[in-house]
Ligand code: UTP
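Next up is one chain by itself, shown in structure tokens, the form predicted alone.
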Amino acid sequence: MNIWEDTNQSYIRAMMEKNTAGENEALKERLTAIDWSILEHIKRRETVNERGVFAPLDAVETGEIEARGEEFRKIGLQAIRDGKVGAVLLAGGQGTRLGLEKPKGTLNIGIDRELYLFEQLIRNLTEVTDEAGVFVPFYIMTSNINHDDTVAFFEEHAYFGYPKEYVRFFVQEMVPACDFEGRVLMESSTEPVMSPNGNGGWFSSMVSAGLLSDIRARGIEWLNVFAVDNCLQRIADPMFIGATIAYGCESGAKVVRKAAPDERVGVLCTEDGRPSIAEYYEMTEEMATARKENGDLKYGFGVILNYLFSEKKLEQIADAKMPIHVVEKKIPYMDADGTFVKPEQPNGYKFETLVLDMVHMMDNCIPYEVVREREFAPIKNLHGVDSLDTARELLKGCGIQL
């Protein structure tokens, strides 16, 4: 049965009653292209969030990294020089919370001169490619909202000196949203409400965009994925890559030592014996405050959304299908009367995959400690905690001229 024939789908049917024949043809074509099996996950929304038994996972700490630095760097640089490493930037967001109606990466983080967030990330990557003497393939995930603006921005700024032939853009897959009764919400008379498929959807989006052939042709074995908002992070970091390979792991996660037991960060640990991430709100007080004999927190390392994954394992995960999380959200939509509604309370479900599930589907994952002041300067807000203000101070502390 076609979705528009389902009597429960009152929003779609209301639009079709008002539409012209041509508009309905356009709507049917749009609806036919969507995989509606996603709605079946509503029934499983409680079980997908059930968690197993957490246990601490020891990290490779800075002391060991310093002691074995030469070894890790050599292994990592060799992997980069052999063309085995690619970088993936998650940049689908807009800078709305920063007062910017443009892609978040176009934010000017400079003070006395222009320095864009995208530009700083390219500089971070170029430090590594200069040392390695080769360029790293750079994949940039955009969204349907910011794709054209992102590509135009890179073109306008000549890719900040990075060779264009090493940069590929791809759009994150979108999935429909619905109300609490499973009725698909409409954005307009011919378009359902669609939303990004979560931060765990980056690899499936690469596959859908046809980039798997590019990855295979280049011989890439490792993908370093990271978020746009951390302007200090090291990208394709030889030490991180080398440590992951040296430990024989198929994934790695950069982590920072928690500032306090109750810091609101996800913690890398194990869950039922496999690597996983416990979100701060899932941790009991006993877990959060438990300490080792030396006084360090047992669950003491928070993730910063900078991961290294075996490409071969990612292909296996893509075939296995990741869990879909059904999340309550405030979703603007067009009601049956054609009035656009901006709800003040959650009114429906969005469907998301999460990168923590990618980690959990790995056989192992190495937590790799980095120094917060050198590699973690997220920009979530204009002012306050994790803001443009705090990031600028951290950048200046690292000797970066603003």
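C-alpha atoms forming the largest set that superposes within 1.5 Å between two forms make up the rigid core. Computed from a prediction, not measured in an experiment: that's the story for all the values here. When you see a residue number, it is the position in the sequence shown, counting from 1.
Note that the form predicted together with this ligand isn't included here; everything after this is about it.
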L115, T150 and R234: each with a heavy atom within 4.5 Å of this ligand in the model of the complex? no
Just one stretch in 126 to 134, 178 to 186, 254 to 262, 87 to 95 has heavy atoms within 4.5 Å of this ligand in the model of the complex, so which one is it? 87 to 95
Contact of D229 with this ligand in the model of the complex (heavy atom, 4.5 Å): yes
Any of the heavy atoms of L305 lying within 4.5 Å of this ligand in the model of the complex? yes
Should M141 be counted as a contact of this ligand in the model of the complex, where contact means heavy atoms within 4.5 Å? yes
Although this ligand is absent from this view, report whether K104 comes within 4.5 Å of it in the model of the complex, heavy atoms only. yes
Among the candidates P275, G300, G198, P238, the residue which, in the model of the complex, approaches this ligand to within 4.5 Å (heavy atoms): G198
Identify which of R81, K329, H157, K313 has a heavy atom within 4.5 Å of this ligand in the model of the complex; exactly one of them does. K329
For a quick check, can you give me the residues of 364 to 399 that have a heavy atom within 4.5 Å of this ligand in the model of the complex? K380
Any CA movement of 2 Å or more for E352 between the shown form and the other one, core superposed? yes
Inspect the rigid-core superposition and answer whether the C-alpha of E328 shifts by 2 angstroms or more between the shown form and the other one. yes
Superposed on the rigid core, does the Cα of S195 end up 2 angstroms or more away between the shown form and the other one? yes
